[in-house]
Ligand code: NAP
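Encoded as structure tokens, the following chain is the form predicted on its own, with no partner shown.
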Amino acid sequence: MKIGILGLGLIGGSLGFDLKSQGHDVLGVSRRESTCKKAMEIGSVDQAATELSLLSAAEVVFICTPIGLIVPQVEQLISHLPKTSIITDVGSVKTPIVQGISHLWENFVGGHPMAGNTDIGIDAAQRNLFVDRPYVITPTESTPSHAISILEEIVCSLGSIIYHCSPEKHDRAVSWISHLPVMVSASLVATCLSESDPEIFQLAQKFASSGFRDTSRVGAGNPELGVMMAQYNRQALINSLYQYRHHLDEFIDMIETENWDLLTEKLKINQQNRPSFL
């Protein structure tokens, strides 16, 4: 199968590796000629170019650009594709993307691989990135069943775990476990930066170890992605942040009132329930 990838960053480049390993002919498009050259050098794609016309032969096209560019890129792409081509995306927000593309292209299936890290660009691409990771497919009532089936087949070949839900439910769910952690982690780093005593600040930097590394990682990722999460999933994220603030206030109150029994109970509940999210 000829498969196109528009956007050759971490996700697009990694998709290319795995799709090529399955025997597909992979066509890649990037805004930068240097990225196209690098993608071909490392073997992520078979062909690469800056022109969308390269994808005219693709049977399936994955849109792997930043969230805000997905709909505009599809608007430009569709004039190059036959009506039979299937378009899907990998955006971490689904409702505005599905609403924006569904009326433009009948064979569109929204998707979101829950994989990646804080690295960006084609140099971050890696093989087997999607193995044993959730891959959410968000069809609507009008999404053609054959398009869903073809995407499912491709996703299965990546070793991913497939889930289906509506775009709206997807966005509410990821606001808790993906977008909220980015903002909480970012606020942690910002709070540490607010230490005004230079000596204490330097000691904190020297003492930082695995705990700080784990809790600050997602907040120190790609700023563009963080902003787009907030911009395109605004209401769900605001609701999650308000709930987080409520629970943070509860923890402050327990510590201020020295209610160690209740704090112990809360921490035990968290300890017991965290594994169900992993």
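Residue numbers run from 1 along the displayed sequence. Nothing here was measured: the structure is a model prediction, and the numbers come from that model.
Another form, the form predicted together with the ligand, is not on view; read the next lines as being about it.
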| field | Per-stretch contact check against the ligand in the predicted bound form, the hit in 191-199, 167-175, 115-123, 78-86 (non-hydrogen atom, 4.5 angstroms) | value | 115-123
| request: Check, residue by residue, if 9, 90 and 222 all come within 4.5 Å of the ligand in the predicted bound form, counting heavy atoms only. | output: yes
| request: Select from the listed residues 35, 233, 240, 44 the one whose heavy atoms reach within 4.5 Å of the ligand in the predicted bound form. | output: 35
| message | So the ligand isn't shown here. In the predicted bound form, which residue out of 60, 67, 48, 55 has a non-hydrogen atom within 4.5 Å of it? | response | 67
| task | Mark residue 245 yes when one of its heavy atoms lies within 4.5 Å of a heavy atom of the ligand in the predicted bound form, and no otherwise. | result | no
| Partner contact for residue 213 in the predicted bound form: the ligand, 4.5 angstroms, heavy atom | no
| query | Though only this chain appears here, would residue 73 touch the ligand in the predicted bound form if you measure heavy atom gaps against 4.5 Å? | reply | yes
